[in-house]
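There is one chain below, alone, in structure tokens, taken in the form predicted on its own.
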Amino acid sequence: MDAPLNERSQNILEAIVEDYIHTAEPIGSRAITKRHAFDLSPATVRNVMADLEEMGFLASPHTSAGRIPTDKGYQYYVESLLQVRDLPEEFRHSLEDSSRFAGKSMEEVMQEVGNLLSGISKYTGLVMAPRFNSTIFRQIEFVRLSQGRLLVIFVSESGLIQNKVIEPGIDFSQRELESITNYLNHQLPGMTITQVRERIAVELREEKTRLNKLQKQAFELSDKALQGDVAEQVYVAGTSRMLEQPDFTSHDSMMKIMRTLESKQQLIELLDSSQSAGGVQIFIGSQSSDAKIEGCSLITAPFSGQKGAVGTLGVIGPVRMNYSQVIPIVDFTASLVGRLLDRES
């Protein structure tokens, strides 16, 4: 285990991290003494920097005499030195401008939230919509299609919509579908989708003789509609902002981050890993247990409405991220989305 850093080492590490975040250029000892009132000679600063490098907090690029923070250095900075700023008023007002969400579906709201995260942070915004299975059932609709198929439309209390096409094996008339729809919409509201599945399974398994034809058809039809897993919805905004960062100028680094952002399954896994922990979570490059974000940092927070809808949002960017600015953006936006879910329900 590393020995704890003394105050001088902490001050110099903090200065190097913050200067490098703003300049993206290796930081030398003379720059430190000019920019910061440490009352230390460049030689003393060089000695401290050498110690920090030996401990793994700094690295020396081959092309420069200056130092840059390592992922370990960023981790120490975030855990021990970072002072998170209050969210600037202009950012707060921009996020709270509810007119941008007026008249939009929940899916459009999620995409707009991603755009907001990206626009304000200057990095890439990620939003994983609430898992449909955990949301509260509001209503179901069946629409006849051609060749004996039906379009099933689920609507949750928070406004999330899931569509699925099924083949029931019976050619229902529109009147029969309306009767089935009315029955289910009377029986199932107020339950989570998971509870709806459990209720249907019980009804079909037990006391079959007490179900009339309409009830049996209703539960069989909804059981078929709920079979299989519902795809998670992940919204990505501002992908091009990653390519604007000097950290991703090499072909290899650019292709790696693009593959991560284009893989919805990888993004779901990344966002999922932070959802159960609660609060703002920070994943820093190689210091994270997830190799998918090597070279990047991810800041996430879960959001939830009062009726059980839980999702995750976040910002992904280079390890050289402005943490003190991005953390309050993510935290405030998660709180905002929770209020939006309650408003829509």
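The structure presented is a predicted model; accordingly, all values stated were derived computationally and were not measured. Each residue number is its position in the shown sequence, starting from 1.
The form predicted together with the DNA is left out here; the points below concern that form.
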### Message
Considering non-hydrogen atoms and a 4.5 Å limit, does the DNA approach H36 in the model of the complex?
### Response
no
### Task
Would you please decide whether I27 lies within 4.5 angstroms of the DNA in the model of the complex, comparing each non-hydrogen atom pair?
yes
### Query
Going by a heavy atom distance of 4.5 Å, is M49 a contact of the DNA in the model of the complex?
yes
### Query
Can any non-hydrogen atom of T44 be found within 4.5 angstroms of the DNA in the model of the complex?
yes
### Query
Quick check: do V165, P168 and R205 each get a heavy atom within 4.5 Å of the DNA in the model of the complex?
no
## Note on the structure
Exactly one of M55, L40, V310, V280 comes within 4.5 Å of the DNA in the model of the complex through a heavy atom, and that residue is L40
### Task
May I ask you to choose, among G285, G305, G66, P302, the residue with a heavy atom within 4.5 Å of the DNA in the model of the complex?
G66
### in the model of the complex, residues of 161 to 196 near the DNA [heavy atom within 4.5 Å]
none
